[in-house]
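The chain below stands alone and is given in structure tokens; this is the form predicted alone.
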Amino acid sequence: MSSLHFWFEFASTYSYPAAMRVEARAAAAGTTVVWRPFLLGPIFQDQGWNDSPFNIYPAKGRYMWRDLERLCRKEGLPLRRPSRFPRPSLLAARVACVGAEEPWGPAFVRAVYHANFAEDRDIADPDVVGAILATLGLDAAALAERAQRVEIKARLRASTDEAAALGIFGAPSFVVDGELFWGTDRLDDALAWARGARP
């Protein structure tokens, strides 16, 4: 059974429902999740975009927000459209890099998505990120300090470079043994691939 690598970006709308269900779906499929934070900004810049494509192309953006409403309602997830989109996610992504191999990592990821897309809280604000960590019973000050270390910054840059090398162009993306599945609606296909169903 192969692991499912879940590539996510905190500013990504469709990564919100994916993050909320990926762990349970993977467990039901008998596989594990490798949580892979990265930044879409550099990847978008390489494509010539200086903003989210959902802002660059208004019709696409209108469809996305309506589609996300339907999806969240189907999944039983609260949704409150952020007053700023996309929100900078650098700090949260660095903390997620710290937590990627820690037991609290997935809970932190889900809490950040909930803050951004259910509560319209500014996840770029250190106080907001600190409050999320504190709610999880973690030492917010120590983790915030660690997230600013050179090695964590380098880890996030390397993760973003790896995502680009894998051909990732959006989030969420799922990678199983080098096979790329893009979009929250491809989670089940990725899990089937992990189980060995490879037509």
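Quick note: we count residues from 1 along the sequence shown, nothing fancier. For clarity, every value in this text was computed on a predicted model and none was experimentally measured.
The same protein also has a form predicted in complex with a further copy of the same chain, omitted here; what follows describes it.
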property: Non-hydrogen atom contact Lys153 with a further copy of the same chain in the predicted bound form at 4.5 angstroms; result: no
property: 4.5 Å heavy atom contact, Asp185 to a further copy of the same chain in the predicted bound form; result: yes
property: a further copy of the same chain contact at Lys60 in the predicted bound form, heavy atom, 4.5 Å; result: yes
property: Exercise: Trp49 in contact with a further copy of the same chain in the predicted bound form, heavy atom 4.5 Å; result: yes
property: Residues Phe6, Gly30 and Arg146 all lining a further copy of the same chain in the predicted bound form, heavy atom within 4.5 Å; result: no
property: Interface segment, criterion being heavy atoms within 4.5 Å of a further copy of the same chain in the predicted bound form, picked from 22-30, 62-70, 153-161, 130-138; result: 62-70
property: In the predicted bound form: members of 166-199 within 4.5 Å of a further copy of the same chain, any heavy atom; result: Gly167, Phe169, Glu179, Leu180, Phe181, Trp182, Asp185, Arg186, Asp189, Trp193, Pro199
